[in-house]
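Okay, here we've got a single chain as structure tokens, the form predicted on its own, with questions on binding and movement later.
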Amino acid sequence: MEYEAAVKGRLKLKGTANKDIQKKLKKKNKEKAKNDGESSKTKEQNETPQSYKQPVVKTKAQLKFEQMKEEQQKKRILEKASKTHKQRVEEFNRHLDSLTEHFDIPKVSPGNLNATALKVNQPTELKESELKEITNPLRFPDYFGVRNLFRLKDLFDAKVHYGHKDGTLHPNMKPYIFGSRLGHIIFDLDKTTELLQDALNFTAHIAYKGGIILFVSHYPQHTLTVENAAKEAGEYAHAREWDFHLLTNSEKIYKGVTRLPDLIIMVSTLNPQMQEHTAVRDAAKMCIPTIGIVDSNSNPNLITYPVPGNDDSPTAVQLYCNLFRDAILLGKSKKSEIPSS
């Protein structure tokens, strides 16, 4: 009965219920009401409204003391900033001293800045060993500036990314393929640009050293473009039917000792019958480096510098010929700039 009264409230007892139970319940209800009233009074006393709070009045001495504190804090911040600035200046000076010691640069004080102190060494004043180090193209990744000859968009505009149909893909050309579109293979032009830059850099090095470069093609529609590019570059071209013993048995053909080319640039590694060009195998036999435009149906294994791309469209072939011609001319121009010892 007591549990039901605590949960449901007052019980409506019948006449048969005991009076003691009713008294106990009345006492408990009165005690609860008293406790609730006392707790509400204490809360009201503790929670004083903001309107009754007295405003804090500061004296002149307190205001001066606070101003002094703020000034001291500002001074400390400025001192920290100046210390860090000094440390940075000292580190920079130490770095400069190490650089001057490494490169043997004379130390010049700011008060003695004369024209003689800042005079740049001319090439005539340099030693022969220093001249060779500066003019050595093998020490620089792009000594001839070949990477500025073209952009990826130029390859895209020339339709270099177009390959043959899906069923004609050579298994060794899979690393250079981006995907397929409408049944045709698409080359990855990012990889093509890297490989083409390496090939152009190599051709410029060969031309810089005075090597013989031979342009090779077997397609009749590209004969004039290949021959004109070789003529403008001052090199040689073979755009006709290839003789089987042209490289491997040249002494008997020309009846004398002949100098073989130092580099062969193949605009296409296939012949019109879609077979591998004979020059690819012969150049590998004679250890002659080759650069080849490798289409999706070609084998790039025997090519020294394979360049994956379209070798059929005239715009792509014209772009290749122009790029290799410019690379050859860059190498020859750099050679002429160096003073002869």
Partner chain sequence: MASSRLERIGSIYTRVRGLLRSGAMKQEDKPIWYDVYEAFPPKIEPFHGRKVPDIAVRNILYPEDIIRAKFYERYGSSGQISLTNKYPTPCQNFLDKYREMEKDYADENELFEAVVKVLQEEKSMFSSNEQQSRDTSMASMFTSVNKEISQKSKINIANVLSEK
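Residue numbers count along the first chain shown, from 1. If you're wondering where the values come from, they're calculated on a predicted model, not measured in any experiment.
Beyond the structure shown, there is the form predicted in complex with its partner chain, which is absent from this document and is the topic of what follows.
*Asks:* Is it the case that Phe140, even though its partner is missing from this view, gets within 4.5 Å of its partner chain in the predicted bound form, heavy atoms only?
*Replies:* Residue-level check for Phe140: yes, a contact with its partner chain.
*Asks:* Flag Arg76 as yes or no: does it have a non-hydrogen atom within 4.5 angstroms of any non-hydrogen atom of its partner chain in the predicted bound form?
*Replies:* No, Arg76 is distant from the partner.
*Asks:* I'd like to know whether Asp198 contacts its partner chain in the predicted bound form, with contact meaning heavy atoms within 4.5 angstroms.
*Replies:* Although its partner chain is absent here, Asp198 would touch it in the predicted bound form, with heavy atoms inside 4.5 Å.
*Asks:* Would His205 sit within 4.5 Å of its partner chain in the predicted bound form, counting heavy atoms only?
*Replies:* Yes, contact at 4.5 Å.
*Asks:* Heavy atoms within 4.5 Å of its partner chain in the predicted bound form: which stretch in 149-157, 209-217, 67-75, 234-242 meets that?
*Replies:* Single hit among the candidates: 209-217.
*Asks:* Quick one: Pro175, Arg259 and Ile288 and its partner chain in the predicted bound form, is every residue within 4.5 Å by at least one heavy atom?
*Replies:* Yes, because Pro175, Arg259 and Ile288 each have a heavy atom that approaches its partner chain to within 4.5 Å in the predicted bound form.
*Asks:* Of the residues Asn301, Gln62, Thr315, Gln275, which one places a heavy atom within 4.5 Å of its partner chain in the predicted bound form?
*Replies:* Selected residue: Asn301.
*Asks:* Using a 4.5 Å cut-off on heavy atoms, what residues in 263-281 are near its partner chain in the predicted bound form?
*Replies:* The stretch 263-281, when checked against its partner chain in the predicted bound form, contributes only Arg281 at the 4.5 Å heavy-atom cut-off.
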